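One chain comes next, on its own, written as structure tokens: the form predicted alone.
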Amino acid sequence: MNRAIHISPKDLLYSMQFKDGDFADIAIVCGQPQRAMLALEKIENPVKNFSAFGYTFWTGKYNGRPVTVGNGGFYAPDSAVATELLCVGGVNNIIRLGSCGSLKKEIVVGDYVIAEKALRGDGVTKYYVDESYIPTSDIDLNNKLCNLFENTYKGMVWTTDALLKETKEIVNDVINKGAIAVDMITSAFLTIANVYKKKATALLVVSDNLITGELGFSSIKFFDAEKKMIDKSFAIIDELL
């Protein structure tokens, strides 16, 4: 191969009939499609402006202000792609609504974690930054979210690609490094946003606890907190006016 790169994010985005200005300045993205659908219900007159490779984004208005919503990937690799498309498409503020496992006994199912930084256990970010890089979220966005949500913890989120290999040795090591929660997305999401110098943060509802063994993936408490997360997070759009 003699070309510098096979396909750039702009090549990919514009090959899908995307036009400049299709995305809003603010985006609220989710991993799970059902969360994206709940977010979509919050905006007026949504227009689908991108749909490919399992990602779909709409842009509409919330309280008169343009906002883009959509599903931004399930795991680190596809989240990196989706986040890069949003960045090159003109989004400057990205709020991710996701879920995580707690690494502290006192952080229980239904609580919220705001990622201040990420511990990179994924396989994609090494192609963007060097090994020592620590991705961080935007302090102002974090503070605005803290003002909106109770039962919220801020700290480092460890991202892993190996959900079924969260063994005692590995988990205790990342706890010793300061991680308070674990997911499969945050490090890729924040790293890409940092590379493009965009403001970004991740708000995560706790679905399980690795210390106590509690599993809340199908509990009413988790689903109620998930819906509340989507309903209340849109207030941050007014905060950014």
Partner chain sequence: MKVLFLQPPMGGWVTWGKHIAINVNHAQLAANLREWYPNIDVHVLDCRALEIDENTMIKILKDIDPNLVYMGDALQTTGVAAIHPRYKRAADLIKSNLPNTKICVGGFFYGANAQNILEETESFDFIIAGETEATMPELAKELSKGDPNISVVKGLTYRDNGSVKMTDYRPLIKNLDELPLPAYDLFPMDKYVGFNYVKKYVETYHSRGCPNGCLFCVGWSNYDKRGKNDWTKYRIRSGKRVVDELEILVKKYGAKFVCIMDEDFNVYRPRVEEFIDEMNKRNLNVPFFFMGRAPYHLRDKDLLKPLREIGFVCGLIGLEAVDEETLKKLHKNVQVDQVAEVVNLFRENNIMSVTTWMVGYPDDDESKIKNRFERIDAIDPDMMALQIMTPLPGIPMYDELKPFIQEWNLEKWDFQHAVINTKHLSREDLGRLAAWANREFYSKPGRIQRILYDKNYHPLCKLIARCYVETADKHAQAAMKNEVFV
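Residue numbers count along the first chain shown, from 1. This is a predicted model, so every value here is computed, not measured.
What comes next is about the form predicted in complex with its partner chain, which does not appear here.
Among heavy atoms of residue 227, some come within 4.5 Å of its partner chain in the predicted bound form. Contact check for residue 41: a non-hydrogen atom falls within 4.5 Å of its partner chain in the predicted bound form. Its partner chain is not shown here, and in the predicted bound form it never comes within 4.5 Å of any heavy atom of residue 14.
For residue 34, a non-hydrogen atom is located within 4.5 Å of its partner chain in the predicted bound form, even though that partner is not displayed.
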